[in-house]
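Here's a solo chain for you in structure tokens, the form predicted alone.
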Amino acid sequence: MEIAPLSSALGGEVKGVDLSQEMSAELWQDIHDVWLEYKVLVFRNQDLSEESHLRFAKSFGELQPVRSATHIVGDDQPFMYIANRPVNGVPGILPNGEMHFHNDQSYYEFPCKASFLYALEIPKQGGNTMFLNTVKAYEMLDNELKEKLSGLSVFNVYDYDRNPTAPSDVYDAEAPQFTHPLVIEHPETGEAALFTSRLMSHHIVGMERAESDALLNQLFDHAEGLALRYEHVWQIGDLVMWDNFASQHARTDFDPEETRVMRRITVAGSRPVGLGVAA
């Protein structure tokens, strides 16, 4: 196995690994270690059946069935097809357009730990996935701002049916929602990371709305800066996995007349713990 860094911010391409084959415990450990280090791993030229995709994802923990679109994919289904055409007779999820930065499932008590996205069909241009490093984003804040963020919590909500790709103040009161620490301690590495996103974080708990909006937008603008990003230009056969507690991702726009089909699996995670708070 070889690893090639993809940017100074985060991301590494793993070479010499065929994910369609069962792997040794030693190889799995190597992949796990570089995943924690690079936050985002890219495996190109993979030929993955649903079975092999599931096997690789399950090696990282318990699978998380789809939660935001159960009315489309059905209960207990681990696969989400992010697609602008039907797949296996089922409409695609999040079919078109730009999507703002977010952590997956931050609007639940237990967000996912990792996501595994596999490219089946891609447009000629656009539909790229951008990643940012939330650990470095926190590290780069000045001490005064870090002190200000200490102990703060943020209310996250996601109204999948109303506005799934861009932030909005208007949401269904029954939409999935949960409050998490604004700065978390990574459950495996212990690193401090921002856990607030432009798409899903609505307000800081206990803070006047104008002050909350100003502070959140300051953090979003900082974290989304080019120095903290990697933009993945997809190729068919790419499998990209990311650490949901140490990174965020977004999607660039693309021509809706072109086809984009991605198969996603997520692995269940723990409830985020605030920095310096005992689990």
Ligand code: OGA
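The first residue of the shown sequence is 1; numbering continues from there. This is a predicted model, so every value here is computed, not measured.
Another form, the form predicted together with this ligand, is not on view; read the next lines as being about it.
Annotated contact segment (heavy atom within 4.5 Å of this ligand in the predicted bound form): 247-255, selected among 31-39, 247-255, 209-217, 46-54. Annotation: in the predicted bound form, residues Ala137, Lys148 and His222 none come within 4.5 Å of this ligand through any heavy atom. Contact with this ligand in the predicted bound form, defined as a heavy atom within 4.5 Å, holds for exactly one of His186, His102, His202, Lys113, namely His102. This chain is displayed alone, yet in the predicted bound form one of Ala192, Ile122, Leu117, Val87 has a heavy atom within 4.5 Å of this ligand; that residue is Leu117. A residue is said to contact a partner when one of its heavy atoms sits within 4.5 Å of a partner heavy atom; Ile82 meets this definition for this ligand in the predicted bound form.
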